[in-house]
Structures are given as structure tokens and as C-alpha cells.
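As C-alpha cells, one chain now follows by itself in the form predicted alone.
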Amino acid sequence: MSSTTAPSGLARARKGLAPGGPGGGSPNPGNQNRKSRLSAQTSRTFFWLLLPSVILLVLIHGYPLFQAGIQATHNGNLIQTGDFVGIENFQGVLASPAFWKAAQFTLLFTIVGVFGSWAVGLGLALLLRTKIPAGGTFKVLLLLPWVVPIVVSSTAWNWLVATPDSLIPSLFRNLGLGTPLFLADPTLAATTVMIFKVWVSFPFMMMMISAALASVDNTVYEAASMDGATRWQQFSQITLPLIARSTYISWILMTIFCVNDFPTIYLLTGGGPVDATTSLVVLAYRTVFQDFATGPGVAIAFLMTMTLVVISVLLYRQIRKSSVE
């Protein structure tokens, strides 16, 4: 008898039924209806509360986006809309060598900016978890590159590397290493801009990772040490999985920051020399405000936006997939 009732009981349990019969243990239909009504009322309340904010966001962002779409499909300038040309502006942009050169630099700039700042921020966040002398003061000093206005930071870096008589080129010369022209040589200029981006961005990554690490219980590492796990195993199998969600979020934000970063590049090099540090946002600015070609410039901005949307969606899917067991 038990052999026949046990599978039956398991089957009924999977269906959420009690052993007493088909209706046994089922929720009260009256309670279900009352919960459904409360849920519907809550949904309507949230809808009416959110509606004014949604309308405001649509007016603030939707209208400029609509106007940008009009400009991207016309051959006008800053004063006149011009004639309708359809997708000719996008075709011209995609056929331009300058666009692909700027896209290549933007890609390299973003990769170095995101992963370089993340690596530095992760290392410093792990260091700050240890007991170091004057840890609070050290943390405040590490935040200075992010807190100081970008105009001040770029001016300081220009003072350090801009001319052959600047501090760092003079130091190289005194060491017998020649006089590198950090902002005049295309390769050195691109390298300098990317290092500068890492320098001004790592505090943001450090704070994101520190906040994620603060929620990790130290007993997890103590248990892993008792089981014989090495430091690398603890880092790769405990630390990285536990901060995975924060990592993906910081990557999304930093990717957006890097692609849209205009002042870091323009204040340091102006996009030069010979367009070696011209990113897509700098190219869009030049096209609109220096060449007065509004259509192609806005088309570049649209292409940047679509690329960022795709990257954000892909990383957001990784956020949803990442889970901590």
C-alpha cells in the first residue's frame, strides 16, 4: 500500500495539493480574489504616480531626440534645417575614413579606460580592506583625481607633459632617455590620453568595488582558508563571483563615460596630433560646430547612441545571469 501511496503523494505535492483530496490545502478563492483586487489597485496607484515623471522625461528627452532625428536626415546647418536627404548622411559617415579612424580610437580608448580603471580600482579596493596606517586619509587622497574638476586635472597634466621643457620630458632627458614629445607624437599622445583617463576614472571603480566588498562576510574567506584554499583561489572563486553584479554595472557606466567623454580628450590634446586622439564625440563636435555640417555630425551621435545601447543590453544580460550561490 505504501508503494502506491508514496508516488501518488509526491505527485500531489508537486501540484501543490494536500493528501486529503483534490481540494485539500488549496487556497481560499475569496482570499485570492481579494489579493488580486489589491494587486490591481497597487498597480494603478503606481501607474498614476509614475505618469507625471514619465511625461516629463518624454518631454525633456523625446523632443530633442526628435529634433536630432530631423537634423540627421537633412543637409542643413546650425541655422537652417536644409533639404531632406534621408539616410545619405549616415551613408556618408560610414564611408568616411575619418569616422572609422575615430571609431578605432574610441574603441581602444574605451577598452583601456574601462578595464584599466577597473584593474587599478580593484587592486586599491582590496588593499583598503586590509589594515593599513592612515587608511581613511589614504582613501580620501585616492579620490582626488575623481573629485578635482577635469579642467584642473587636464591643466596639470599639460604642465607635466605638454612641452619639451615640461617636468616629465625634462626628467627623461636628464636620465639620458631622450626628450619624448608626449602630446606631439601620435602614439605617445594616444597613450597619454588613455593613461589620463584611467587616472581620473579609477576612484569611481574603487568606490563601486569597495561598496560590493563591504557586503562580503569575512567568515567566507576564513572558511575557505580552513579548507586549504590559496589566496588566488579565494580571489578567483569567491571575490570575483561575489562582486560580479557590481562589476558589470561599473563596466556599463564606465563604457558610457568613455564613449561620451569629450573634455578629457579635447582639453588635453584637442583631438590631435593629426587626429590621433580624435574620438567619435570629438569628431561629432567638430563636424557640427566647426564644419557646420549638422546632419553628418548628428548622424555620428546617433551611431554612437545605438552602439552604446547594444553594449548596455549585452552587459545587462550578464548582470541578470550572474548569481551568487
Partner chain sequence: MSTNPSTASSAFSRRGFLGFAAAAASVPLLAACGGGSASQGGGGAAGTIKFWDMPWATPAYNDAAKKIAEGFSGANSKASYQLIQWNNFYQTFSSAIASKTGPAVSTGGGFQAFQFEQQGQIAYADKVFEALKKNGQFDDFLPGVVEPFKTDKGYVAVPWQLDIRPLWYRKSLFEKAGVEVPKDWATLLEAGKKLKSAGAVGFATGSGAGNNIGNHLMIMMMLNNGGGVFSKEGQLDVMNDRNVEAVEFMLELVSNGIIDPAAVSYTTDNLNAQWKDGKAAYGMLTLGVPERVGDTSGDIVVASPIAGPHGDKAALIFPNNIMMYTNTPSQEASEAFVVYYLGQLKELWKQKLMNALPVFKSITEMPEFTSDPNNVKIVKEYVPIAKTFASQGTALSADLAALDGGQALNQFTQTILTGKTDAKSALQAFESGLKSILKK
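Positions refer to the first chain, counted from 1. Since the structure is predicted, the reported quantities are computational estimates derived from the model, not experimental observations.
Note that the form predicted in complex with its partner chain isn't included here; everything after this is about it.
**Student:** Indicate whether residue 165 is a 4.5 Å heavy atom neighbour of its partner chain in the predicted bound form.
**Tutor:** Yes, contact at 4.5 Å.
**Student:** Look up in the predicted bound form whether residue 210 has a non-hydrogen atom within 4.5 angstroms of its partner chain, and give yes or no.
**Tutor:** Flag for residue 210 set to no.
**Student:** I'd like to check something about residue 159: if you look in the predicted bound form, is any of its heavy atoms closer than or equal to 4.5 Å to a heavy atom of its partner chain?
**Tutor:** Judged by the heavy-atom cut-off of 4.5 Å, residue 159 is in contact with its partner chain in the predicted bound form.
**Student:** Tell me, yes or no, whether residue 192 is in contact with its partner chain in the predicted bound form, where a contact means a heavy atom of each within 4.5 Å.
**Tutor:** Residue 192: no, not in contact with its partner chain in the predicted bound form.
**Student:** Taking the partner as it appears in the predicted bound form, which of 69 to 77, 195 to 203, 221 to 229, 113 to 121 has residues with heavy atoms within 4.5 Å of its partner chain?
**Tutor:** Answer to the contact question: 69 to 77.
**Student:** Counting only non-hydrogen atoms and a 4.5 Å threshold, tell me whether 289, 296 and 305 all contact its partner chain in the predicted bound form.
**Tutor:** So, yes: the whole triplet contacts its partner chain.
**Student:** For a quick check, can you give me the residues of 240 to 266 that have a heavy atom within 4.5 Å of its partner chain in the predicted bound form?
**Tutor:** The stretch 240 to 266, when checked against its partner chain in the predicted bound form, contributes 242, 245, 249, 252, 253, 256, 260, 266 at the 4.5 Å heavy-atom cut-off.
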